[in-house]
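Okay, here we've got a single chain as structure tokens, the form predicted alone, with questions on binding and movement later.
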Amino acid sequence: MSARSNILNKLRAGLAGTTPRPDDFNEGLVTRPWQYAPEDRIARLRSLMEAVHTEIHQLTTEEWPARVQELLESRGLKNVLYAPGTEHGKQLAEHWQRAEPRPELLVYDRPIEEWKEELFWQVDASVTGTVGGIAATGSLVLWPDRHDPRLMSLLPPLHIALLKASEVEDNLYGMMQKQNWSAGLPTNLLLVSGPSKTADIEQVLAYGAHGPKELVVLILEDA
């Protein structure tokens, strides 16, 4: 018998003869103070994120690939990393085929060990999706997987995140309920409220110390 089985068996034995406590959790404690009118959610999220140096644009689902190109070219960036296995990755690739000239489109399609040096030091920007936004805290919610890996939102100096306007919720608990997270939680969930920053050294605020120096959020409205 494995050590894991031994531990689990001891835990089960310890529950013998006990009665489960009723679930009397009051969800109002984590939702009531942070509820907003639907028309106010995006304005609140924008206000909080822009206060910490996040750049935000609102546009349609058809317009965003061209805006990504504009953002890269205005900064003089040479390339952008994308996830070809995602819907937004396919849309970006289709636009890139028609755009000339354009920064290089880099594909995240191999293990990190095969291109670690390039990924860490030679990628200028990345485009990732999100599963929603939280108005209460001004945060993006990212759910990385093998198609949209965690390092895409961590390593490049510029992180461009796509957020559907219809997926901005009042608070994290509300999002968990609406999206039925209890049916299957991710192995890694990220809450991003702005570009990476620290003030550890002499209390001087610096950006980009532990992640992207710039965060651009494209809020997508239905066309």
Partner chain sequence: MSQRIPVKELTDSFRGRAVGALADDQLRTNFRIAMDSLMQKRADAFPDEEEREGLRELGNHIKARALSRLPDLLEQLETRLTANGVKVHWAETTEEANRIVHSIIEAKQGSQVVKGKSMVSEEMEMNDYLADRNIECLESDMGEYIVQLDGEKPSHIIMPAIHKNRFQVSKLFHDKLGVDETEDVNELIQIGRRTLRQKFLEADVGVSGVNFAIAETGTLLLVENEGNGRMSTTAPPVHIAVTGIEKVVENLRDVVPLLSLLTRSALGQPITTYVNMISGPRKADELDGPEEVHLVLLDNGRSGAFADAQLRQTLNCIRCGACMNHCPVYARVGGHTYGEVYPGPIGKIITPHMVGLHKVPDHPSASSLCGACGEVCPVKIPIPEMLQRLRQENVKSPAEQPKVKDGGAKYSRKERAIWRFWASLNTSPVFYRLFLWGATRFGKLAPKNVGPWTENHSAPVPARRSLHDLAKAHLNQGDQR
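Please read these numbers as outputs of a predicted model, since none were measured by experiment. Think of the rigid core as the biggest set of C-alphas that the two forms share within 1.5 Å after superposition. Numbering follows the first chain given and starts at 1.
One more form of this protein, predicted in complex with its partner chain, exists but is not displayed; see below.
Residues of just one listed stretch (160 to 168, 66 to 74, 35 to 43, 177 to 185) have heavy atoms within 4.5 Å of its partner chain in the model of the complex: 177 to 185.
Within this chain, residue 109 lines the site of its partner chain in the model of the complex, having a heavy atom no more than 4.5 Å away. Contact between residue 151 and its partner chain in the model of the complex is found at the 4.5 Å heavy atom cutoff.
With a 4.5 Å cutoff on heavy atoms, residue 98 does not count as touching its partner chain in the model of the complex; it lies far away. In the model of the complex, residue 193 approaches its partner chain with a heavy atom inside 4.5 Å. Residues of 121 to 140 lying near its partner chain in the model of the complex, listed in sequence order, are 121, 137, 139, the criterion being any heavy atom within 4.5 Å.
After superposing the rigid core, the Cα of residue 36 is displaced by less than 2 Å between this form and the one not shown.
After superposing the rigid core, the Cα of residue 181 is displaced by 2 Å or more between this form and the one not shown.
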